[in-house]
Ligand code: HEC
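Take a look at this single chain, the form predicted on its own, given in structure tokens.
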């Protein structure tokens, strides 16, 4: 019994000997406390000049601002491919369509439920002529009652959305001159508007009297 007590006491002494307070009692400055070690008496030191936070090295100014100097630019910072448009289409439907609608005409779900102001249509002359850098600035910093989306949408995705907006604008304002040479445009049957419904329906040609019923 005595041997067990001795062993237990020895083990306790060994454990206590391993408990050192060096990490707790080390010399250190308390955050924002006064210190006479530095001439300005500040314990918290300023960052080294030129320090950049991780993920914030935005060397390509235009890519991250959409501006050349103080003016919005009017060119994409990378080539617009099918993949870029597909990504822009997806992001647009997630972040933009609830207010601007999938057509970009401003008749989205949110305005239909009593939003105080209808978003502008992308197909207005003003926005069709607006440079792409303007759209980037609005998405990044917000405009009017529209909040900024810089924290939700990465810079590249913002450009992809803008490419898709341009495609939307072209889809509603294209002419036959925009069709590549030699490419056929599928014709649509004439349509009429059903009175009182606002819906348009295809015109079905009447069958001749000689046709057998199907």
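Positions refer to the first chain, counted from 1. Note that this is a predicted model, so its numbers are computed, not measured.
In what follows, reference is made to the form predicted together with the ligand, a form of this protein that is not presented.
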item	value
Proximity of residue 73 to the ligand in the model of the complex, heavy atoms at 4.5 Å	no
Heavy atom of residue 64 within 4.5 Å of the ligand in the model of the complex	no
The ligand contact at residue 155 in the model of the complex, heavy atom, 4.5 Å	no
Contact flag, residue 143 vs the ligand in the model of the complex, heavy atom cut 4.5 Å	yes
Within 120-138, the residues that have a heavy atom no more than 4.5 Å from the ligand in the model of the complex	120, 122, 126, 127, 134, 135, 138
